[in-house]
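This document opens with one chain alone, in structure tokens, the form predicted on its own.
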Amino acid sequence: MSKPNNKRVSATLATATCALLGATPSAPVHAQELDKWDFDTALLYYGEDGDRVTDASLSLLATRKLVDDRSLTLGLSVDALTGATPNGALQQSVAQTFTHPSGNSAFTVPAGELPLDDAFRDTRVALSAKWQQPLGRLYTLSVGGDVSNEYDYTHLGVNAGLSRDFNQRNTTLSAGLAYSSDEFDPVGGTPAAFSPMLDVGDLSNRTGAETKDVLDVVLGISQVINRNTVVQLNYSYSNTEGYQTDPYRVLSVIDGSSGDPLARTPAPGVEGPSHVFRFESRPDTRTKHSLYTLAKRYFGGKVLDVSYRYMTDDWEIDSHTLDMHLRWPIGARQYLEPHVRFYTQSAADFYTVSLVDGQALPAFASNDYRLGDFDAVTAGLKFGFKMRGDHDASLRLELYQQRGTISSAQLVGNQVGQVAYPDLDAVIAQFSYSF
């Protein structure tokens, strides 16, 4: 591997800094590469243990390179999700019956098993487009948009970024802005906050579609330290206004002494929940701040990539992410890239195990394990190889493990020794091909 060119690395990182959350940067373009298309494709499989969520996705990114360092990038991705996901109710020593989110049928979870909603099925189609071009000699502008649709969710977004090179293009300052508007139309309608789960066919606690708006701002700086080292620092601000509750999640209502869920009897001749469950409620505003730093170092033919991210929000969630890649060449056309990622977060201030019967309802409450106190580790290996005609391919296999804790102060009576955080193990496999 040849040593990196300072200007090329700086320009690449400047583009990456301008790209907003989830946006994929395009590589620098040279005038002689007129009307050239580059394609990046990927097929990914994600599968959780215990017959939980499975995701098979196909993505395509096409970049048209034009004169004067201009480029057009078009993206398409399709995801097919199936499986079962925790619905928020407590695991119990007795069987539990729930009404499906649609309100049209019921299902029973055997004693001792984690309540999972096995009706989880969805297909997501997403389209994106981005235009990038220089403004004068030292500025680069990018504008883009994206749209995605699921069975119950529609997303529309736009974004723009501007970067400016300094110090013989070894330093780049950048700023980005993104705005999205989303509509959520849950199966069976949107349940009212803290309303009880009702019998099959009773949708009296449901309303229509809900919306939310998201504003993201990114400010960044990248710096070429020397021929072998590049660093980057980003600050991100995100503000979400609107509906952020998961309409498919509930909380168990328990006896304040025993900690056991309250039993319930459905109406005569009608299927319905066997216990008292209430739908969750989350704040309709959320503000997040994050700092992200990245360092890339070339040494002895290998490239080490280390990044760290700190995020905090007004839901009292603080998270830390450490991510490391090491690209290790094998001969002239192949490489291995081990990867490890550590993640930890604190629980949201409204995260709770259950609701106690007879106590006043809180302003907000959720038993979504993703809002709890947990640690996660991702570890894996990628094998890449260059083919004829500058075609590249890679295979990636990773394992994901998530473990959480629940404060003893939240446990009541028999919940001690019974209630457990729904731990998660998953496998990730991906094949990528670029040409």
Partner chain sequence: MNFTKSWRAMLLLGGMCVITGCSSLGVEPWDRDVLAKDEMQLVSAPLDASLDDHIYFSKEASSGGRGFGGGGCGCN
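Positions refer to the first chain, counted from 1. Worth saying up front: this structure is predicted, and the values here are computed from it rather than measured.
Beyond what is shown, the protein has a form predicted together with the partner chain; the following relates to that form.
Candidate site formed by 40, 220 and 236: every one of these residues places a non-hydrogen atom within 4.5 angstroms of the partner chain in the model of the complex. In the model of the complex, the partner chain lies farther than 4.5 Å from every heavy atom of residue 206.
Put simply, residue 61 is close to the partner chain in the model of the complex: some heavy atom of it is within 4.5 Å. Contact check for residue 271: every heavy atom lies farther than 4.5 Å from the partner chain in the model of the complex. Within 4.5 Å of any heavy atom of the partner chain in the model of the complex lies no heavy atom of residue 333.
Only one segment in the set 188-196, 241-249, 102-110, 357-365 has any non-hydrogen atom within 4.5 angstroms of the partner chain in the model of the complex, and it is 241-249. Contact with the partner chain in the model of the complex, defined as a heavy atom within 4.5 Å, holds for exactly one of 276, 160, 200, 116, namely 160.
Contact residues in stretch 148-172 (any heavy atom within 4.5 Å of the partner chain, taken in the model of the complex) are 148, 150, 153, 155, 159, 160, 166, 167, 168, 169, 170, 171.
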